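First comes one chain, alone, set out as structure tokens in the form predicted on its own.
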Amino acid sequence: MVEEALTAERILEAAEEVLRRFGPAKATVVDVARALGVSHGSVYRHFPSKTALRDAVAERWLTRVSKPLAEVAAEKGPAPERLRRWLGLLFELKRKKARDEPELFATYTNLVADARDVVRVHVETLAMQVARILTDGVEQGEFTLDDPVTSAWAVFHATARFHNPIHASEWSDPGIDAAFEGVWSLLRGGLGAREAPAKVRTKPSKK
């Protein structure tokens, strides 16, 4: 590779492949540079340290989770249904990663555990997506809440079993989907979910 063509995105792609092959404990910046055919100094010009590179890889991985969820949060329509789809999608995204590539999932889980600031921003992003849905629901008369942000954090923590990697070993349990539906049922009731008031249609006046 010509060094002039080196970009942060190409480095992150190579770093992911190196992590896939060697794992977070053995992967080095030199390995990444070798995979790209450049000097390790060229990598450092984009990422000033190994920690910065690992954090960027973790952020890239987490964005693959938050981006499709953001699309659900931004949709229009009944808030309870959107919240149910948002939670279900979060669970499925995490479960699919753990099921399809368990070794890579474990690698990224370890990587993310060290990227505390990146994780904090990611979790806050997800909680604010939930808050957006809850706020819409309050405005549409579908939720009865005093504080959508506080409630969003409660929802996020109450569903941790279905998205926190610490529970990944439980995601293949036969009863996990039923457990999810049970938690959702409790949350729906706790949020005061109800049907949105029907719009009143007025008849045109006769002149």
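Remember, it's a predicted structure, so these values are computed and weren't measured experimentally. Numbers follow the displayed sequence, beginning with 1.
FYI, the form predicted together with a further copy of the same chain isn't displayed, but the following is about it.
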{"property": "Complete contact of Val155, Ala160 and Leu187 with a further copy of the same chain in the model of the complex (any heavy atom, 4.5 Å)", "result": "yes"}
{"property": "Among 47-55, 164-172, 62-70, 22-30, the region lying within 4.5 Å of a further copy of the same chain in the model of the complex by heavy atom distance", "result": "164-172"}
{"property": "Candidate from Gly182, Gly41, Gly141, Gly37 lying within 4.5 Å of a further copy of the same chain in the model of the complex - any heavy atom", "result": "Gly182"}
{"property": "a further copy of the same chain contact at Ile11 in the model of the complex, heavy atom, 4.5 Å", "result": "no"}
{"property": "Residue contact check: Leu191 to a further copy of the same chain in the model of the complex, 4.5 Å heavy atom", "result": "yes"}
{"property": "Residues in 99-136 close to a further copy of the same chain in the model of the complex, defined by a heavy atom within 4.5 Å, in order", "result": "none"}
